[in-house]
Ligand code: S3P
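One chain is shown next in structure tokens, namely the form predicted alone.
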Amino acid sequence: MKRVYLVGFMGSGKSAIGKRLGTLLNLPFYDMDTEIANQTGMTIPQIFETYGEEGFREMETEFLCNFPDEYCIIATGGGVAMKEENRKIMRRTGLVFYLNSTFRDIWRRISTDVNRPIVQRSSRNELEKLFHNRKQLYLQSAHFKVETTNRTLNEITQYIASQILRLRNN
């Protein structure tokens, strides 16, 4: 096990949990969206505007293919699991944890976020449909499904860390 990937819908807590997990396990933490933005010198909304969603999805695949082979925590973008190639890369190169949340919780976190292009151009109903459509892809990606509803960030982080340590020690 080299990498730990956190997958889930936007607003599921991947970045917040990833940062805590990196600190707890003393591993580097990377946020895929931040890394792509830094590489391109553009914000995520600018990337979507310039290259479209398809272009951004290609950048995610390039990130996964070209990322250094190191022990680390990676919070993926919410749509990374849409591509079969990405799901295969993640399962092959690390442990994948799917952060499962309710749409109600997600909506509460993302509804006013101007840095999420898909949120800005979609209605609540459209986002809920996207949420349900992606769920199966997250499950196909994941080695572990982590329920986040009614759990604190600390509880979720501790659970994931215990699974990583258990597997590392076997």
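Every value quoted in this text rests on a predicted model; they were computed, and no experiment measured them. Numbers for residues come from their place in the sequence shown, where the first is 1.
If you look for the form predicted together with this ligand, you will not find it shown, but the lines that follow are about it.
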### residue 67, heavy atom within 4.5 angstroms of this ligand in the predicted complex
no
### Message
in the predicted complex, is there a heavy atom of this ligand that lies within 4.5 Å of any heavy atom of residue 42, even though the partner is absent here?
### Response
no
#### Entry: in the predicted complex, residue 144 touching this ligand (heavy atom, 4.5 Å)
no
### Task
Decide whether residue 17 counts as a contact residue for this ligand in the predicted complex under a heavy atom distance cut-off of 4.5 Å.
no
### Message
With this ligand taken in the predicted complex, which residues across 49-88 come within 4.5 angstroms through any non-hydrogen atom?
### Response
56, 57, 60, 76, 77, 78, 79
